[in-house]
Ligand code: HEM
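The chain below stands alone and is given as structure tokens, in the form predicted on its own.
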């Protein structure tokens, strides 16, 4: 009863003097400043579409009290749902377009399942798009550990001008294809080690890898991102022992995605009091900071020693850290740390999804192998920039697996200007959550949506510059945006693409891959979708 009385007290305080877009809480100051910026540049609309649109207040609204009960209390309809189930359940209950009130300091929001709305929001997001979310990480860096970050919070939680300045520094290094391709050779070496590790850990009788194969996938992804970020192999695929630091990082990353998903999406008092889950999450953030900073500091010491010896390395030998050090040491350090933080579970989950699809569709796997063997005539052949330009089926397989097993449940933006969404006026400064999840498996948007069909992503005639009509392709491009859209799309997209393409190609060239177990509930939905079943793939050596 005490908990309920405390909740009611806070709800009542919110009801008095708090407008829909107001933010009195100190931890929401980023949202407040963004709304102020939007207000300054706001242009009043008076066009026909705006005049004919229904009012904002006429948007169907969910009850705050009902949501708190259903999400947070025993017996509540949504209490034991993961985030995917929650999103789909609320769509069934409230429809395709509705708004949610401010709850316990979280932002009020409009939720839409309409892809036409997605386009309207993205087309007018401005040069510094405001992406809601990451509130707990922002709190950790702006308040909890502000003495370390000192105003440089990195790309994930920052907004507005500070985000724009940080992004403008790292974009040339991370987003230009020519810079990413410099890491082919180093990434290829990691992939060869991954193949050898698979051979070592699989069962000699049935050729299946252990039930905890996700740990080995995490080792591969961390090793891969390390050679790009730090120009250092950590030896994770060669050593059988489990480094305390590495295992702490893996554990803390899992806690981050689990606890942050709960605190930021479901009703929680964490903005007001030190809840047990908030304490665990801050500890996880501290551990991630500790381990990633140790890796970065080791690289900094090595680079300083090389400089003192007069060692000058070629551009294709330099890490992201070394390149950014020339511009800003703090930005270089935080970016390298964030690459290690954000580049493990996300890539591991995407890789697992692709392998599940390829392993359970042998005809598609055979077709993929034919393409891969043109790139890698021998099992130990090296990748080249020219050969990797012509792997459309490999890229199509990865895209199709991202459709079937999406990494995230949706995307969010704060509107930069007045918009008309689903026939309603939505003012500038509104938090809009865009949920394409149900459309990814809907025949209306993806013909034969239940089937793994990489062909839907191919051109009918690859020799032409135009893309002929493909009857399998999506009817709306804004339904499928696995890396986001616009200026705020994932800064690591090109690195992840390279990591997945080279890794999957190397495995398919060496093994026939099978998965002979149930795929029911293959992923659990936290802040991202993570593997939820033992990934006991069967890897059978190819004869040639």
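C-alpha atoms forming the largest set that superposes within 1.5 Å between two forms make up the rigid core. Bear in mind the structure is a predicted one, so any value in this text is a computation, not a measurement. Positions refer to the first chain, counted from 1.
The following text describes the form predicted in complex with the named molecule, which does not appear among the structures shown.
- The site is open: after superposition of the local C-alphas, no atom of the named molecule, taken in the predicted complex, comes within 2.4 Å of this form's backbone or C-beta atoms.
- The named molecule is not shown here, and in the predicted complex it never comes within 4.5 Å of any heavy atom of residue 292.
- In the predicted complex, residue 488 approaches the named molecule with a heavy atom inside 4.5 Å.
- Although the partner is absent here, residue 64 is not a contact residue: none of its heavy atoms lies within 4.5 angstroms of the named molecule in the predicted complex.
- When the named molecule is considered in the predicted complex, residue 454 lies well away from it, no heavy atom lying within 4.5 Å.
- Taking the partner from elsewhere, every residue among 131, 155 and 347 has a non-hydrogen atom within 4.5 angstroms of the named molecule in the predicted complex.
- Across the options 66-74, 46-54, 508-516, 478-486, residues that bring heavy atoms within 4.5 Å of the named molecule in the predicted complex belong to 478-486.
- Taking a 4.5 Å heavy atom cutoff to the named molecule in the predicted complex, the contact residue among 198, 391, 225, 249 is 225.
- Between the options 411, 425, 138, 202, the residue in contact with the named molecule in the predicted complex by a heavy atom within 4.5 angstroms is 411.
- A displacement of 2 angstroms or greater separates the C-alpha positions of residue 257 between this form and the one not shown, with the rigid core held in common.
- Annotation: residue 174/residue 125 CA-CA distance longer in the predicted complex than in the displayed model, change of at least 3 Å.
- Compared with the form shown here, the C-alpha atoms of residue 257 and residue 63 sit at least 3 Å farther apart in the predicted complex.
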